[in-house]
Structures are given as structure tokens and as C-alpha cells.
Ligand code: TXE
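Just the one chain here, the form predicted alone, laid out as C-alpha cells.
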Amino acid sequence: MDKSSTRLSLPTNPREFGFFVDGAYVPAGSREVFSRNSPGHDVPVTRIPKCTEEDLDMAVDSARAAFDDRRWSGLNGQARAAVLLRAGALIRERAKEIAYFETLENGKPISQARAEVAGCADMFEYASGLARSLHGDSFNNLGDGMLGLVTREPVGVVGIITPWNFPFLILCERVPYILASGCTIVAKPSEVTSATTLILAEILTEAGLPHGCMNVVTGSGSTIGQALIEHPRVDMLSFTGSTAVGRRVVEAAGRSNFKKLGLELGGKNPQIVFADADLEDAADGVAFGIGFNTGQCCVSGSRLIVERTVAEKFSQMVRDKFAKVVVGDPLDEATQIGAITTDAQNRTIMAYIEKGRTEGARLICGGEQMDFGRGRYIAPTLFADVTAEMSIAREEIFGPVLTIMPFDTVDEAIKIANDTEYGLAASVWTKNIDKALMVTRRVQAGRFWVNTTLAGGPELPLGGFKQSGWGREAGMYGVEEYTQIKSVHIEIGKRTPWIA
């Protein structure tokens, strides 16, 4: 097959979007518009309005009214489930369109984008069942005169701030579960990757979600994002991004209405490889763990911790995998590693690579910008002779840069893995079940993989330990996260008088 026949075409003109409030698009009108260029091709692909704080107020008012009049929270679980199930079906119907715009704005390979969209449909379908399963508890042990109930109620209006690395996936790890709980939403996507969030709002309206329950405001994090964090009529905020910004979110929420927070923040995630592992599988998994989404992934396995007896051999195996990986046009079906999403992130990654060299790490492969005539691409990069105090060993790079550190004992491997402020994810590769379970129990991470990496589905929760965040998304835990608990005491029979 001619390789060119597997490459999608670029759009002739950028797609124009409004923002989405109360079940309909609001045109950009006289507002400033942000024109997004594809990071893989340097051509304009979307135009998105820069909302004002008045626009945000309008969106919050819409979500507030929709929550307070109970048009969604007052429905039974079956009715909510039907909308979520229909939304999942519509995502599947529009999967090619969603994946296309995800790739155009983000730069990730089109094959990866399609797989993510399919997983997002799964999220809605699974959450539809949870809408019917959500329940509280009862206490029938309070004596003949009292019955105790514990109910779960939706927390209210939820703001969602999502990053540019997984615009649709991170959104769909939250939205169906938030809606299953009965809450309403105001979403603020990254300015550079807003299209698929707006498309989801269209889909939910078509699926029968009442107007006002899903609103989308677009614009920069420093203005609209900050205003959403501080908004007094927003009851909870879900933020995904860096730990540094997450810290500022906590401070801002405390200054406003002390809203509840869900935070998924940074990671510097270990992949521990023992000598008794299937090394071929492990090398492929390690390469995938850092190459997936061009390394722009908070759960990417960026620290390779490998048993010393096989460290040199294994580093060469990973190098060989890197040499075979297909880097290139995100719209090409064969591409495995696509473009760097923003100019700023490209500069950050290259600065870390230079810092690795100057701090004394040994560059095994990669380290250079790749020139395809247009777009931003970085070769998958592998550093050895890395020590714990180096910046590339401690700080989140958010790019295809992997560091290697050797160990001699299980305890040493665990110590190196835990020597970080983060605790988002980790992987271990070994055929010894005792070793695998010991490492799984002792490494501090909210998500853990044994003899695989970056696997998952809608059933299991997502979230971090330490400075990688608060709370959990997805699964029943992700629905309960957006509820608050109420204790109800019901007296039975005649009251014993206090005043005789």
C-alpha cells in the first residue's frame, strides 16, 4: 500500500467554534478569537473565542439554575443512565471526527487518538450503570426509636479545567461520572485544544442532557481558568495540570468559597525492571511508557530503574526499540510518536535535554530536534549515568526523555522509586510474584502496573499520592467524589418529652 494513502488530509480552512452555554453555541461575535495551528503541520485548524469573565458568569448561572431547579439531579438513575448511554453511542458515531480534531490540535498520532475516543465511549457506557448504582447506607441498630440513613447527594456545580495533552480523554474521565452523580458542569479546556470539549457539549445536548447541565467556556487559564477557580457559585473544581499550578489552585479556592477540589497533578513515574523479567516485553513496555503521547503524559514512565546485572543490556534493548519507533506526521496511520503540542513545551523539553548533558548524564540516543520541514518533533531520548540529584531525574519533563538508574536489591529499587515528591503511577516488570507484590505494596503511587504499563479502563479509579493530587476519578469512586454525604436521623413513634 502506498504510504501516502494512509495519511489524512489537512483541512482547507480552520473550523470556527463558538462557546457553549445553556444547550447552544454562543457565536464569537466581537470577542477576540484564538487561531490554533496544528503542531504537526503549522497550518490553522481551529478558531476559538476568547471568553470574558461575563461569559463565564453566564455559564455558571446556567449551570447553577440547572442544578437548583433539579432538572437533572431530580431525575431517577434510569433517566440519567439513558442520556449517558446515548452519549456513548454518539461518541462512537462521531469518533473519526473527534479523533481528527484531537490530532490536529494536539499533535498526537491519529491511531492513538482513535483508540482514546473509543475508550471515552466506554467511560460513558460504564458510568450509565453507575448512575443507577449510586446509593447510601442505613443504620438499623440505633434502637427501636430511631432509624439512621446516610445519603449521597450531588455536590452541585462543578468546574472542570483540563490540559492540552489529553483534551478529550481527561474530560471523559470526569464528565460522565460527574453527570452520573447529578451535578452540572462548567468546563474550561486548554486554549490550544478546545475543539473536542465543544464537540462533547454538542453530543450531550443531542443525547438529551437538559440545557444548562454542560457548559463550555474557552480562553486562557490565567483569566478564565483563574476566574472559574475563584467563582463563588461553583461548588467543586476538578483541575488537571502541573503540581505548581495545582498549589495555586488550592490557595485560590481557599480565598473564595472554600470549594471542594479534585486535583490530578504531576508525576515522575518509575518503571522498575528486574533481571528475571521478560526483558523483551519490558523493553517494549518501557519504550511505549515514555513514547505514548510523545511523552506528554502525567503517568508516563520517565524513570527507568533497572537491576544492575542487566542494566547495560537492557539499555541497549530500549535504544533498539527507540531506533525503530516511527516519529512523524500525526495524520499518518503509521506514526507512533507525533508532534510536540506547543512551542513552549518544545523549548522546555530541549532545555532539559541540554541540562542533562551539562549535569553529566550520558546520552545514549536521541536528544535532537527532528526536521520534517514543518511542525515540532523531538527524537525519543535516553540518558544513562543519571544520579538522584540531577534535574532530569527529579523534575517532570513532559516529553520523550527517559533516564536510567541501576539498583542491586529490591529495597534499593523501592527507595529509588519513592525518592520523589510525586506519587502518580508506577510499573514493575518481573516474573516473581512475591517480588511484584512487595513492590506494588511499598511503592507510593495511585496507579500501578505489573508487567504492563498505561493500561486501564473505566472500572478502576485514577489519582495520585503525595504531591500528585487529591481525590479519585473514574469508577464508582469517581462518582462518589462528586457527592456529599448527609446523615439523616428518623425518630420512630412518640417522642420522649424533654419538658414534662
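Sequential numbering from 1, following the sequence displayed. Computed from a predicted model, the values in this text were never measured in an experiment.
Same protein, other form: the form predicted together with this ligand, not shown, and the subject of what follows.
Novice: Is there a non-hydrogen atom of V273 within 4.5 angstroms of a non-hydrogen atom of this ligand in the predicted bound form?
Specialist: Result no; V273 lies far from this ligand in the predicted bound form.
Novice: Is there a heavy atom of G156 lying 4.5 Å or less from a heavy atom of this ligand in the predicted bound form?
Specialist: Judged by the heavy-atom cut-off of 4.5 Å, G156 is well away from this ligand in the predicted bound form.
Novice: Contact between E202 and this ligand in the predicted bound form at 4.5 Å, heavy atoms?
Specialist: Heavy-atom contact with this ligand at 4.5 Å: absent for E202.
Novice: Examine G266 and determine whether its closest non-hydrogen atom to this ligand in the predicted bound form is within 4.5 angstroms.
Specialist: Yes, G266 lies within 4.5 Å of this ligand in the predicted bound form.
Novice: Report yes if all three of V318, G356 and T381 come within 4.5 Å of this ligand in the predicted bound form by some heavy atom, otherwise no.
Specialist: Not a single listed residue reaches this ligand in the predicted bound form, so no.
Novice: Hey, of 365-373, 97-105, 402-410, 213-221, which bit sits against this ligand in the predicted bound form at 4.5 Å between non-hydrogen atoms?
Specialist: Stretch 213-221 is the one.
Novice: Give me the residue from P189, P109, G301, P176 that has a heavy atom within 4.5 Å of this ligand in the predicted bound form.
Specialist: For this set of options, the contacting one is P189.
Novice: Have a look at G88, P163, G262, G423 for me and say which one sits with a heavy atom within 4.5 Å of this ligand in the predicted bound form.
Specialist: Spelling it out, the residue with a heavy atom inside the cut-off is P163.
Novice: For a quick check, can you give me the residues of 212-242 that have a heavy atom within 4.5 Å of this ligand in the predicted bound form?
Specialist: Contacts from 212-242: S220, G221, S222, G225, Q226, I229, F239, T240, G241, S242.
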